[in-house]
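Taking the form predicted on its own, here's one chain by itself in structure tokens.
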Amino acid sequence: MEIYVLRLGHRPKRDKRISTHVALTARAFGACGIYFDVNDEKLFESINDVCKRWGKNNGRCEFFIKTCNWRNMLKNFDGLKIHLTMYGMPLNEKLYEVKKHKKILVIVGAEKVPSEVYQLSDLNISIGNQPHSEVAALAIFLDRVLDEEEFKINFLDAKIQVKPTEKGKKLIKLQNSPQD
């Protein structure tokens, strides 16, 4: 399954931290890439730097970050378009339908989402009907749709990796990684 994320309404001065977290979550939890409707070179550099060190090839696809015109993307995307919104249908009621698709675009907003997005989306899905973070919604969505496969991802081109420990922190440099 190929899953892409569309981040709508990113405001570079106001949303840089949360948008960075949306992109990091998309990458770590198995999405193939993320599109922004606004170009933010600093944010893009930051995400690309993470990809260089921690890997971008998850075995199914190589993660990317790009800008796009959101209207054109929603009109021309050749897969299932899902808008994550607290006003949508519960994910549990639509999960079977979602999993039948091979290619999915997940839309997450930053500011007020234009009503056109609700109409252009194939499904408006909620994780919960209370105000919550788009990062949380995206993480839960990817976890449920990919059946926890994101936790089994080994990025094939990673230079470093976490070695799980009960206490403390340990990173290992991978032998197959090129020297910096």
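The structure presented is a predicted model; accordingly, all values stated were derived computationally and were not measured. Don't overthink the numbering: it's just position in the shown sequence, from 1.
Heads up, the form predicted together with S-adenosylmethionine (SAM) isn't pictured, but that's what we're talking about next.
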Practice item. With S-adenosylmethionine (SAM) left out here, work out from 31 to 39, 50 to 58, 130 to 138, 64 to 72 which stretch has heavy atoms within 4.5 Å of it in the predicted complex. Key: 130 to 138
Practice item. Kindly indicate whether Leu84, Gly109 and Ser126 are, all three, within 4.5 angstroms of S-adenosylmethionine (SAM) in the predicted complex, using heavy atoms. Key: yes
Check your understanding: With a 4.5 Å heavy atom cut-off, would you call Val145 a contact of S-adenosylmethionine (SAM) in the predicted complex?
Key -> no
Exercise for review: Answer yes if any heavy atom of Val113 is within 4.5 Å of a heavy atom of S-adenosylmethionine (SAM) in the predicted complex; otherwise answer no.
Suggested key: yes
